[in-house]
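Encoded as structure tokens, the following chain is the form predicted on its own, with no partner shown.
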Amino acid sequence: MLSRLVFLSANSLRSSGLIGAGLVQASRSLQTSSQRLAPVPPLPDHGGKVRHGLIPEELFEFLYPKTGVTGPYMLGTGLIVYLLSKELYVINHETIYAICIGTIIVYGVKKYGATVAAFIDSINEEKVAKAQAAKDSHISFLTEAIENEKKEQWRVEGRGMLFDAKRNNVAMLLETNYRERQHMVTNEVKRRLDYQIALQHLNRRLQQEHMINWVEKNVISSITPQQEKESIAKCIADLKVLAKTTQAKAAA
């Protein structure tokens, strides 16, 4: 009970409208229109203004146009007088106890309320800081995970290009091997044809040499010694005529 009173007093010092917030929360549960499906707006961190630590400022503003500035106070005073005059509320020893307890509570709130409120605020700020740190850490982790996922998606997109390049390289290697083999076959066929041509040339040359040797042999065998002497004499005479002609040209 005491902790609840301290909590209420601390909230009162923080100017939180407990009654107003309770009325708002109660009004939300009574909504039956289509707006009940709408997202519920978050409650404010700090309540509205209050007077005397309990009465919402909205009540005074609601009564000002009808009763004036003193209207709320006169309403409260008249209500208390009415309750006492009609004996709807009878003053007894419990009333004295309530006044004493209220006085003690007010004194405690005035004297220690600020310290307790600051302590509670520090605890709340520490919790909020821890939650914010955890949130930031989780956000950074998720951001890094998103970047890694984007990088992996980029790699997957480039994998098709890599496969195409490898496929082109394989096609080029196959084409190179095909052309090398074709060139090898061409060279082999050319070498064999050259061999056949060289063989034909060799056969023709051998045939020609054999024919020349055969003709020379037959010609030599057909010459008699007398024809040989006459041929040698004729050659000597021709050489002499050629020498004389050369000397005459040289003298001229």
Partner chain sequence: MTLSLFDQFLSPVVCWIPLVAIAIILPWILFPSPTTRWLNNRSLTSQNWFLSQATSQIFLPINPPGHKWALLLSSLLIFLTTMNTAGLLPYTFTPTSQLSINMGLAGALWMGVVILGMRTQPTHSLGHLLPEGAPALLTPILVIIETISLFIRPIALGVRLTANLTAGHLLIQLTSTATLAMLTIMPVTAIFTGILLFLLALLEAAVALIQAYVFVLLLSLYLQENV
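Positions refer to the first chain, counted from 1. Just so it is clear, the model here is predicted, and its values are computed rather than measured.
Not pictured, yet referred to below: the form predicted together with its partner chain.
Within this chain, Glu94 lines the site of its partner chain in the model of the complex, having a heavy atom no more than 4.5 Å away. Interface residue remark: Pro65 is not counted as part of the site for its partner chain in the model of the complex, having no heavy atom within 4.5 Å.
Remark: Ile105 counts among the residues lining its partner chain in the model of the complex, judged by a heavy atom distance of 4.5 Å or less. At the 4.5 Å threshold, heavy atoms of Glu152 stay clear of its partner chain in the model of the complex, well away from it. Partner contact region in the model of the complex: 126-134, out of 161-169, 126-134, 143-151, 78-86, criterion any non-hydrogen atom within 4.5 Å of its partner chain. Of the residues Ile139, Cys100, Met74, Val156, just one reaches its partner chain in the model of the complex with a heavy atom at 4.5 Å or closer; this is Cys100. Interface residue among Val189, Val69, Val40, Ile197 relative to its partner chain in the model of the complex, by the heavy atom within 4.5 Å criterion: Val40.
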